[in-house]
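Quick setup: one chain, the form predicted on its own, written in structure tokens, and binding and motion questions come after.
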């Protein structure tokens, strides 16, 4: 099967198995009194109208940094702590010390490094506001994000795709493990190569990129969290 059709088929099977995921989940940047209807725990399945303001974009950026090398439930705890500490704005984060931020995000692990990355991101966003970044071409915006110490390709692509609505496919550990198990790639395939494979094989739509990445994470949690990876993965036979 040609890789383009194989990737499309995988997406359709994942969507049929798990349904729409509603990423990126938003917890603390939703104004009081605003309800999500049938949305659950901050997720908004089938609704791609988020983020709607700079605070929601900031929450996505914070989540993208905090989720490095930790479980999402730890990120949610860290976001809750930031909110409870009144550190949920660019102004508050700019005024706070790295130590204060580190205390608030301790549950996410690597809190000293992540607090410094957050401080650098805040300084960056003061010079490059979201509106300005959104008007940049994807390659230019990506290079600017990658210039921030502590932000690597996966984090930058999360910010581009979910906060800035740019078609920059996110490659995470689950995606790599799944693609290796399904023999789409081999062990030598780099992040950039796998990213290019998805982007060149799929229609360039943010909704598709967001949904596909979220579905791969959902599937990865089921079958690729522990070694040996891919045991009983129902997608292997496709």
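Residue numbers count along the first chain shown, from 1. Model, not experiment: these values are computed from the prediction.
Although not depicted, the form predicted together with the DNA is the subject of the following passage.
Three-residue candidate spot 130, 167 and 198; no residue lies within 4.5 angstroms of the DNA in the predicted complex by any non-hydrogen atom.
Only one of 141, 148, 90, 163 comes within 4.5 Å of the DNA in the predicted complex through a heavy atom, and that residue is 148. Contact with the DNA in the predicted complex, defined as a heavy atom within 4.5 Å, holds for exactly one of 181, 210, 68, 56, namely 68. Not displayed here, the DNA is kept clear of residue 44 by more than 4.5 Å at the level of heavy atoms in the predicted complex. Residue 106 belongs to the set of residues with a heavy atom inside 4.5 Å of the DNA in the predicted complex.
Among heavy atoms of residue 10, none comes within 4.5 Å of the DNA in the predicted complex.
Looking at residue 94, you'd find every heavy atom of it more than 4.5 angstroms from the DNA in the predicted complex. Along 143 to 177, a non-hydrogen atom within 4.5 Å of the DNA in the predicted complex is carried by 148, 149, 150, 151, 152, 153, 154, 155, 172, 173, 174, 177, in order along the sequence.
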